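A single chain comes next, written as structure tokens; it is the form predicted on its own.
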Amino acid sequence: MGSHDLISIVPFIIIAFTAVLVMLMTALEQGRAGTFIITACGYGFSLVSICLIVPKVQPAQQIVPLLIIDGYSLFFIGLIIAASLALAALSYDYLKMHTARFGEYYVLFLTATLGAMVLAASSHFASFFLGLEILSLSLYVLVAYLYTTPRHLEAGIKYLVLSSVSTAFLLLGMALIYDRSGTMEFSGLIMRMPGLAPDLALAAGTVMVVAGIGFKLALVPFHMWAPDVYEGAPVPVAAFIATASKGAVFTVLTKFFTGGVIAEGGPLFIMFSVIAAATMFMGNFLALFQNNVKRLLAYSSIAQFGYLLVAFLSVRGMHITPVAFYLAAYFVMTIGAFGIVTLMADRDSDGDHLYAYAGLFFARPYLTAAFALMLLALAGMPLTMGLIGKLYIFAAGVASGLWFLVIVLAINSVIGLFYYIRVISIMFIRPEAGEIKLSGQRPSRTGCFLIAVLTIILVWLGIYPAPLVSIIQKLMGP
């Protein structure tokens, strides 16, 4: 590995070193504040290092056959690190409220981030599996980290068992594809797969890989774990699964199934189209009946990745701007929504019951305004990043002639508006005197500052998206 290769993986080295340092601090029983500060500094230095190495990886820098560092992977790695930093900050007061141990939590959080980063840079089945396992093994523990109620343990066990089964399918699919293609590199697969004669082994392997990735993204019909796991996991962990974890796996999807691998009108194209339509309808329809905010956001997350599949099928590696912009918008909206739920949590509840938000406007108007903006952005309302992202997806779908999926997306955008408006309307219910019973302690200054920053980004890039679009096009091309 040369000096240029070493420079390219500096963000990975920083996160790995930070995890080891936090582990040592935990063994020496250092204070909570010190553990968090080291973790935040690690994320911050890693984020800064990405900005410094961008000019050095043009064109793409291949790190052995397993990883490729280019503008595409750096953009998504930057998103993952920024999301992890925000959620690590939200976790501080949340853990302190539950009197949970800090050191082990932040070690697992850092290793989960490292796994997601490896996924975003992977160019080989081996690195894909390695990153996925680093990420998943950390999340198995994080989901059940509080273990104070049966709900937490149930969520952890359910995620462990179902994720392990999906990983087994994924491995078998990789083996079958390797047997037919003779390579595990994504670039080699992209060149060889269109020319391979279709047979049962190749078809079965491809379907198994799609099933494994579909589980990690909670796409229909592999979605049933998501609401239960989100409900039982600590709120920041649920937000991490919804954003950094799913975003990292989606980058692999766009790398592997790209170019000529998905021929328009072919079996894979039809399969992904059916999955996209079913994911949008199922996610939005089931969200209509939820009285638990975390479950509602879980179904919303399912539907959002249905929207992203429309952009994925539209671009197929030729024009990535709609996918990158909407994924960035999704990170901001989802972290903001889960962040407010975190601020509403207390020792007895995770701030997840819908009617715990009744009258919130009259007690915490600024928090209400931020939550309303996040929900309206998820619905794709004007003056938010959500609208710009959906317009990009609509434009990409229309340009590719995907009229069926565009119509399904439009219908589901209307359906989604109903349950988002329902949450907002409950916050504005005027209670009788003395009847405001809000869950949650007084929101922390750190949490409020973070929500304010996310809200500003949400509106600023909704009104003037040019800076983010310019960054995307500079890193990935038009």
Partner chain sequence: MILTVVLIIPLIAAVVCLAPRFRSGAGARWTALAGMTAGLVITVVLFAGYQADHYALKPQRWLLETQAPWFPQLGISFHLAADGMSLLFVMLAALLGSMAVIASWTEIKESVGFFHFNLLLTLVGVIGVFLAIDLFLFYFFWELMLVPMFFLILSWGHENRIYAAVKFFIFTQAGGLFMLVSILGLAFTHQHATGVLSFDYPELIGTYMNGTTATLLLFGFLAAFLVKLPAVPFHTWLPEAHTHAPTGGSVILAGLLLKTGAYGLIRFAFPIFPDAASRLAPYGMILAVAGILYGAVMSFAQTDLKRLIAYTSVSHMGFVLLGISACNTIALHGVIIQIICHGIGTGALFMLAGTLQERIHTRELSRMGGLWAELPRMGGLWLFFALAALGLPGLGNFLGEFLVLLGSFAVSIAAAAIAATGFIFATVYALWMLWQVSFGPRRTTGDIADLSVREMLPLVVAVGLLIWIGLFPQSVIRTARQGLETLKATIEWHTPTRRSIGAPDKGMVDLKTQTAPKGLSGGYDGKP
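Just so it is clear, the structure is predicted and the values come from calculations on it, not from any experiment. Residue numbers count along the first chain shown, from 1.
Note that the form predicted in complex with the partner chain isn't included here; everything after this is about it.
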Quick one: in the predicted complex, does every one of 224, 268 and 286 get a heavy atom within 4.5 Å of the partner chain? no
Assert contact residue (the partner chain, in the predicted complex, non-hydrogen atom within 4.5 Å, options 463, 456, 13, 20) equals 463
Let me know the one among 48, 41, 27, 429 whose heavy atoms come within 4.5 Å of the partner chain in the predicted complex, would you? 429
Can you say which of 270-278, 129-137, 402-410, 226-234 gets within 4.5 Å of the partner chain in the predicted complex, counting heavy atoms only? 402-410
Is residue 418 near the partner chain? Define near as a heavy atom within 4.5 Å, in the predicted complex. yes
Does residue 398 reach the partner chain in the predicted complex if we count a contact as any heavy atom within 4.5 Å? yes
Residue 147: heavy atom within 4.5 Å of the partner chain in the predicted complex? no
Does the 4.5 Å heavy atom contact test between residue 387 and the partner chain in the predicted complex come out positive? yes
